[in-house]
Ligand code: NAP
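Take a look at this one chain, the form predicted on its own, written out in structure tokens.
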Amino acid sequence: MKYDVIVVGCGVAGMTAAIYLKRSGLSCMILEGKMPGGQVVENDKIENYPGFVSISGSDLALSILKQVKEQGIPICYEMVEEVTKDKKVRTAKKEYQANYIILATGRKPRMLGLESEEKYRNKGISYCAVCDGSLYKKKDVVVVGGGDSALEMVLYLSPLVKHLTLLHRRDTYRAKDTTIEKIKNLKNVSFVTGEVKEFTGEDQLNGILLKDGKKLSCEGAFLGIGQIPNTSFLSSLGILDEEGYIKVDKDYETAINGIYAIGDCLKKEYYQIVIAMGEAASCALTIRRCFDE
């Protein structure tokens, strides 16, 4: 069967796009290699999504997924191995054809790779200051990293927390000079040079053991060592930037006619659920207009 649109990725952006497409009268399907919801499922509490004082990421994802199913939109749980310029999508099981493709593959946090990191994920370890910062008001936290993403975390968190320690393996930082100067003037921020050996605690994180033997006490640790877009299977298309993010125009279309991209697989200033959903709605309505022209 040939679909009007194939959506690759069943995160909040992909599901939102599919809902808008189906409601506008287009046939569509979603291909997902893992589980619905994407990275939002990792959030224990979301407190900046309008309409909910607080909701878990998994509950939000399941609510959107229910709406997708009620619309009768098929979801095939198959890992996409290739997307071609003539709008074919290949998995290990099958080949699918569409008039248009929306790539909503998201991204994943770059991790330290420690066993203890997995243990305290969502139990004191976070990868998103904007998502989880409010959970650590008046508490002591550590931000790990030395690039723009880590230092932006510091700027966002410092007005919220009691004390913040910026932990970096070097005493120089890769962030913008203006950002570094701002942080040096913050009274509740201190700087420590070192590398994480292990995260410690009982049920919740309470500290970080460094490789030199020092111990940092904290109630939260924000890892700002970067994110990796889930786009490696698209490398042959020539639509990725040097970091692996998909390049699009103002209508979210790539350099290949009829192939669009939305959500966290795009390079942008802010990565938020409502922003990804807005991109999804705009992209779906743009494609709908293409059918009318």
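So that the term is clear: the rigid core is the largest set of C-alpha atoms that superpose within 1.5 Å between two forms. The structure displayed is predicted, hence computed values, not measured ones. For every residue, the number given is its place in the sequence shown, counted from 1.
Beyond what is shown, the protein has a form predicted together with the named molecule; the following relates to that form.
If you check the named molecule in the predicted bound form, you find a heavy atom from every one of Arg110, Gly145 and Lys176 within 4.5 Å. The stretch in contact with the named molecule in the predicted bound form, judged by heavy atoms within 4.5 Å, is 222 to 230, chosen from 222 to 230, 50 to 58, 64 to 72, 24 to 32. In summary, among the residues Arg170, Lys93, Lys184, Lys138, the only one with a non-hydrogen atom within 4.5 Å of the named molecule in the predicted bound form is Arg170. In terms of contact with the named molecule in the predicted bound form, the residue from Ser158, Ser116, Thr165, Ser149 that brings a heavy atom within 4.5 Å is Ser149. Using a 4.5 Å cutoff between non-hydrogen atoms, Gln272 counts as a contact of the named molecule in the predicted bound form. With a cut-off of 2 Å and the rigid core superposed, Gly106 has a Cα displacement that falls short of the cut-off between this form and the one not shown. A movement of the C-alpha atom of Ile73 falling short of 2 angstroms is seen between this form and the one not shown when the two forms are aligned on their rigid core. Pairwise change in the predicted bound form: Ala255 and Ser149 C-alpha atoms lie farther apart than in the shown form, at least 3 Å. Whereas the shown form places them at one spacing, the Cα atoms of Ser149 and Ser56 lie at least 3 Å closer in the predicted bound form.
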